[in-house]
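The chain that follows stands alone, in the form predicted alone, written as structure tokens.
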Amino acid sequence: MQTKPHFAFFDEGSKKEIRRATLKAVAIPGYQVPFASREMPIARGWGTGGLQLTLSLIGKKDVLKVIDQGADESVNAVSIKKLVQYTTGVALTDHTAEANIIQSRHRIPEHPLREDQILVLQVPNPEPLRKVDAREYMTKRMHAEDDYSGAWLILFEQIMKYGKMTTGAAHPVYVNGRYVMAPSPIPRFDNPKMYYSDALILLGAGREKKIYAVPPYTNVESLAFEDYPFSKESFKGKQCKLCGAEEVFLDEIINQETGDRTYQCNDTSYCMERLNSAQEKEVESSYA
């Protein structure tokens, strides 16, 4: 006899505990709230923090989208979607505009988010000061004392060594003028999307047992110096080989035989929507 799992996998007590931590995180933007991270049917480090947030918030009428580094079809994204749908029966979608809960690993979708949407980001390393001091009680003290000199020093050393800031992903941000936060390992390209975002952004680290948040319309600024301002990845003069999109985050694809370099939208759903829209316009023009 197979027992039926709880709705959204967790018992109600577990959901309430995660929701309480989430509410505190929303009330104190950028602050890492500890929570009792549960055992999950997936390994820690594969999105358990984000998954716990999603399962604690999702309702029967919600529509879920899960992406992994921009792709809806990756193994991790598909596995998480199957688990959530099996325990909830909610509708799934690949279209950002149709979802009201979007769980993502390492990307913020290209499609602008709305007020009625929640973005859940999976976070492997939530502590931006871990490279400064490995001791948890010391990093907590630094946050409490608003002492972020170590984070500034790391960026300064990069400039002295390479002539620029070299953080590829998880470039630290100042949230609401108070806490320095690790915005999960999203590329620098996505950092500006957090600035006064319409949607609620929740970040969960299951292995590190931390939840933190960026409420809608919150000031989020990437750490930078006046003479060395923050800059995101540049794709000037490049476009997606499939849909022709520009000013989006692109994947560089190298042909192993010829060595030629082409570029493609990292956000596969955004790319497909543009392709379908272009085909529809072609059909309409042909009938006209």
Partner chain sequence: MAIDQVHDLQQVYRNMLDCMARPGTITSLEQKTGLFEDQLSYNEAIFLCALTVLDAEVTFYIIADTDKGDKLAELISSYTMARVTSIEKADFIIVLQGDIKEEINKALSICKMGDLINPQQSATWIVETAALSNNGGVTIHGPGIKESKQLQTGLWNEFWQTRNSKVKEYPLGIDLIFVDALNQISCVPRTTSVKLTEVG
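Note that the coordinates shown come from a computational prediction; the quantities given were computed from them, not determined experimentally. Residue numbers count along the first chain shown, from 1.
Beyond the structure shown, there is the form predicted in complex with its partner chain, which is absent from this document and is the topic of what follows.
- Although the partner is absent here, T22 is a contact residue: one of its heavy atoms lies within 4.5 angstroms of its partner chain in the model of the complex.
- Contact annotation for R274: none of its heavy atoms lies within 4.5 Å of its partner chain in the model of the complex.
- At a distance threshold of 4.5 angstroms between non-hydrogen atoms, P216 is in contact with its partner chain in the model of the complex.
- The closest non-hydrogen atom of I58 lies within 4.5 Å of its partner chain in the model of the complex.
- With the partner removed from view, the residue among V84, M194, L129, I101 that has a non-hydrogen atom within 4.5 Å of its partner chain in the model of the complex turns out to be I101.
- With the partner removed from view, the residue among L64, V33, A245, L223 that has a non-hydrogen atom within 4.5 Å of its partner chain in the model of the complex turns out to be V33.
- Residues E12, G13, K15, K16, E17, R19, R20, T22, L23, K24, V26, A27, I28, P29 of 10-29 are found to place at least one heavy atom within 4.5 Å of its partner chain in the model of the complex.
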